[in-house]
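Quick heads-up: it's one chain on its own, the form predicted alone, in structure tokens.
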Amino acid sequence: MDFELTEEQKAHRKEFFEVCKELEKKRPPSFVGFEAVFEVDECWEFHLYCAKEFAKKGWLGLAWPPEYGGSGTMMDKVLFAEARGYHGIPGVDIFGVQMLAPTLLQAASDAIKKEFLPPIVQGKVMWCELWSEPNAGSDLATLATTAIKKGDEYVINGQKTWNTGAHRADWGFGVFKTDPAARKHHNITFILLDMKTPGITVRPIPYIDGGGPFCEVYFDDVHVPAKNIVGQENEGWAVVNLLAGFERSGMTEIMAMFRDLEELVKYCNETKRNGQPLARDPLIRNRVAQLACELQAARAIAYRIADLQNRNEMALMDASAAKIFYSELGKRFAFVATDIAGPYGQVKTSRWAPMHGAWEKAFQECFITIISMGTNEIQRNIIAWYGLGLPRMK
């Protein structure tokens, strides 16, 4: 692919960055890390405000077909993600806009597209993902929650867990076992459901520090219209794999690290230890330079993923490779930044905490992207099986 932006793309990128820079001035002080969107009420309200602002400009439907409210190209979508990541701006529903919408465009019926895409592009409905289960481990295909068809409805019973932002969401998308007697991978269906449906109970799972974006979701005889399926009944595994590719590309996360790198370099230049700026320590210089090199590599990978998506050529292993690289880079970044900050790197939000406690929070939360969206061990299996043609191990 050509990595040089066109003049039109440069102009779009400039506008994205200018708008996000202005929104950053309105960002609540309590907004530390993107998970604050789900954890803090005023951050959630800021997220909804940004969503409406982006919807007015048509930026929630970048790279969508015009008949569903879309405009722009896949590269515009990437540049917009860069701007939001750099300035730390929410407003794009990671589940509705980033994952579900592109999946619906490729796999849903016309009726489903017409019903569910407009509220997403208008920023009116927020979504959550209902995949993981308490006893399914890393193998999603072993899920046990059932959706048994009765007439023109599915009746859902069971439990999901580690559902990000389920306590905030209007709607959820999930996979459920619709034929308990059928063989694995051919017995689940991808279903859309209103989170206010009777029988749904959402319970937050608090972190040890009191925060936490995750929830458990219980289903007790939850009735969902049978028309709310994506793809074919019992063939939801194909929809899962399609959506997972969109979930794992990670451009926003990568660009957030570019801003963090600037802050880290500034901290090293301004902070003295033993009478010398940290930036003069050769060990620190080497570690920061290594992060900078790896970040450039991560951006190149994300650009390549966007280019593949634009040409409908993205393979399952491409998104898996990107997810492994940026999630493990995020962990290394959090560890290096916390090391460099020394004891102050362990301080939560206060006047003593560098970057308002962002490094302490990043240190504690950096494991999340390694185990979410399919653990990195699963991603390496996908690369081995589908990318390299290696045999499965029994």
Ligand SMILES: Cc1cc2nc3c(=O)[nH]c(=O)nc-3n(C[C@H](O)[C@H](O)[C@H](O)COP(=O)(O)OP(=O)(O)OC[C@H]3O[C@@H](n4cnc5c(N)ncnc54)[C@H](O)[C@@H]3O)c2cc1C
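These numbers were taken from a predicted model, which means no experiment stands behind them. For every residue, the number given is its place in the sequence shown, counted from 1.
Absent from the display: the form predicted in complex with the named molecule. The rest refers to it.
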(request) Consider residue 252 of the chain shown here, and say whether it contacts the named molecule in the model of the complex, taking contact as heavy atoms within 4.5 Å. (result) no
(request) Decide whether residue 154 counts as a contact residue for the named molecule in the model of the complex under a heavy atom distance cut-off of 4.5 Å. (result) no
(message) Using a 4.5 angstroms cut-off on non-hydrogen atoms, would residue 309 count as touching the named molecule in the model of the complex?
(response) no
(message) Against the named molecule in the model of the complex, would residue 217 count as a contact residue? Criterion: heavy atoms within 4.5 Å.
(response) no
(request) Check each of 368, 340, 358, 55 and return the one that places a heavy atom within 4.5 angstroms of the named molecule in the model of the complex. (result) 368
(request) Quick one: from 260, 129, 82, 93, grab the residue that has a heavy atom within 4.5 Å of the named molecule in the model of the complex. (result) 129
(message) Please pick out the stretch from 162-170, 271-279, 293-301, 226-234 that is in contact with the named molecule in the model of the complex, where contact means heavy atoms within 4.5 Å.
(response) 162-170
(request) Check each residue of 364-378 against the named molecule in the model of the complex and list those with a heavy atom within 4.5 Å, in sequence order. (result) 368, 371, 372, 373, 374, 375, 377, 378
